[in-house]
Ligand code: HEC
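This document opens with one chain alone, in C-alpha cells, the form predicted alone.
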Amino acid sequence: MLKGVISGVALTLAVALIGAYSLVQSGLIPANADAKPGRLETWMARTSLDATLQRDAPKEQNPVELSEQNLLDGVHLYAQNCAVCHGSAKGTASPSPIAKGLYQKPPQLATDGVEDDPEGVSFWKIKHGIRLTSMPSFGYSLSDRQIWTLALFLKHMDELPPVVQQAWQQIQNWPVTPVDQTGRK
C-alpha cells in the first residue's frame, strides 16, 4: 500500500513537471512585454517580492538627515536616474515613451507615490532592483548614501519645502530638446 502511494505521488510529480515544461516550451505563456500578466504570475511575483522585502529590507532609520539640501539632492538624483521611467511631477498625465513600453508598467510616482513605504523598502528596491520587472539595480552605479537620499525624497515627495517643490516641478522625464539624425542638438 505505502509503495503504491509513493509511486502515485512520484508519477503525479513527474507528469506535472513534464506538463509544466511542455507548456513553457510551447510558447503559450506570453513572454512579450506588452501582454497582460496572468493571475498566477502576478501572485507569484508579488508574494516573492513581499517576502523578500520583509526579510531583507533595512529596518533601521535612514542615515541621511531630513534637510532641504538633502531633499534637493534627492530631486536631482531622481531626475538623473528615475524620471525617465517613474515620471515627473505631472504623474500619470505624462509618462515617457519608455515608461509606456515597459513591462511591468512602472508606477508614476507623483501619482502612485511610495510615501507610505518605509524608507528601507525604497532603499532595497533601488539598490537591488526587482527581478522580472523593468526596475534595475542601482547598487552598482549609486552609493548607499545616494540611494538613501533618493529614499528620503520619495518618502517626503508629497510634502516638500517650497524650494524643493519648485525643483521637483521642473524635472523632465523625457528629453525635450530636438535632436537631428546625427545625434546633435
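Residue indices: 1-based, along the sequence shown. The structure presented is a predicted model; accordingly, all values stated were derived computationally and were not measured.
Another form exists, predicted in complex with the ligand; not displayed. Remarks below refer to it.
K.L.:
Mark Ile130 yes when one of its heavy atoms lies within 4.5 Å of a heavy atom of the ligand in the predicted bound form, and no otherwise.
P.N.:
Looking in the predicted bound form, residue contacts with the ligand include Ile130, since a heavy atom lies within 4.5 Å.
K.L.:
Is there a heavy atom of Leu71 no more than 4.5 Å from a heavy atom of the ligand in the predicted bound form?
P.N.:
Heavy-atom contact with the ligand at 4.5 Å: absent for Leu71.
K.L.:
Would Pro107 count as touching the ligand in the predicted bound form under a 4.5 Å heavy atom rule?
P.N.:
Flag for Pro107 set to yes.
K.L.:
Even though the partner isn't displayed, in the predicted bound form is Ala57 close enough to the ligand, meaning a heavy atom within 4.5 Å?
P.N.:
Answer no; every heavy atom of Ala57 is more than 4.5 Å from the ligand in the predicted bound form.
K.L.:
Output the sequence-ordered list of residues from 12-49 with at least one heavy atom within 4.5 Å of the ligand in the predicted bound form.
P.N.:
The stretch 12-49, when checked against the ligand in the predicted bound form, contributes Arg46, Leu49 at the 4.5 Å heavy-atom cut-off.
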